[in-house]
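The chain below stands alone, shown as C-alpha cells; this is the form predicted alone.
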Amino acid sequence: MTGTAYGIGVGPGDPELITLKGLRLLQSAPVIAYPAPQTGDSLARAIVAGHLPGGQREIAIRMPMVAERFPAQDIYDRAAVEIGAELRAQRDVAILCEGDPFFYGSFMYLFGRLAEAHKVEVVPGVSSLTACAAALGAPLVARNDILTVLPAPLPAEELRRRLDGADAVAIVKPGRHFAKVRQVLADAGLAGDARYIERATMDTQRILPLDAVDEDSVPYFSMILVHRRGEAWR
C-alpha cells in the first residue's frame, strides 16, 4: 500500500476557479507540493492559500523560472524522490499546478517520474487557454474550425507557416518574444483580429490592443488569441 499523488490543476489565478474535486483533495491531503522560484513565494500556492486547512507538510520545489533552464531535470529528480518517500509512507500528496496539469503544466515532469512506481491521479484544472477566452469574451472555435496553439518562442518563419490558413490561433508564452509575434501577425494581416491579455483572472489582469502593448514589459502569463473571421460565430 502506498499513498496517492494527485496532480491538481488549481486554475489560472482566480482562487474560485479550482474544481470541487481539486479542492476536496487539496484539503484532505496530509502533504502538499508545489513549484516555486528559487527565492520568494509560489504562485500555485498563493492561488489556493485561502483554501488550505493548515497543518499540512509542505514541499516547495524550488527551481529557476527561466526558459533557458526549464525544465530543471535534476530538481524534478530530487522532488520525485522526496514525494516518493511520502507516498511509500502511505501519505497522499497533493501536487499543485497552475492552470491544467497537462496543458504546458509543470506537473507532467513529476508525472513522468512517479507514475511507474506509484499511484498518480491527474485532476484537470481550468486552463489558461479557456480562462483567457472567457476573460476576453472571445469564443475560441466554432463548427469545423481547427484551433492551433503556438508557443511564441518558435522562430518567426515557423510562426508564419503555422499561421498561414489557420482558423483560430492561441499564441502562448509571448513574454520577451512579443515584438516578433506582433510583427508576424502584422505581416499575416491578422493584427487587427488579435486580442492580447495578461494575467487572466488575476487581480492584475490587463486587456490591451496589440499596438498598445509595451514589448519590454510583457509577462510570461500572457496570451494572444486570433480568429481569422474576427469572431468565431461569424
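Numbers for residues come from their place in the sequence shown, where the first is 1. This is a predicted model, so every value here is computed, not measured.
Separately, the form predicted together with another copy of the chain exists; it is not shown, and the next lines address it.
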Listed residue (83, 133, 97, 94) with a non-hydrogen atom within 4.5 angstroms of another copy of the chain in the predicted bound form: 133
Considering 156, 147, 89, 117, which brings a non-hydrogen atom within 4.5 Å of another copy of the chain in the predicted bound form? 147
Testing 53-61, 33-41, 186-194, 164-172 against another copy of the chain in the predicted bound form with a 4.5 Å heavy atom criterion leaves exactly one stretch, namely 164-172
Would another copy of the chain be touched by all three of 21, 108 and 112 in the predicted bound form, meaning a heavy atom each within 4.5 Å? yes
Looking in the predicted bound form, any heavy atom of residue 16 within 4.5 Å of another copy of the chain? yes
Using heavy atoms and a 4.5 Å limit, would one call residue 138 a contact residue for another copy of the chain in the predicted bound form? yes
If you check in the predicted bound form, is residue 122 within 4.5 Å of another copy of the chain, heavy atoms only? yes
Another copy of the chain contact at residue 79 in the predicted bound form, heavy atom, 4.5 Å: no
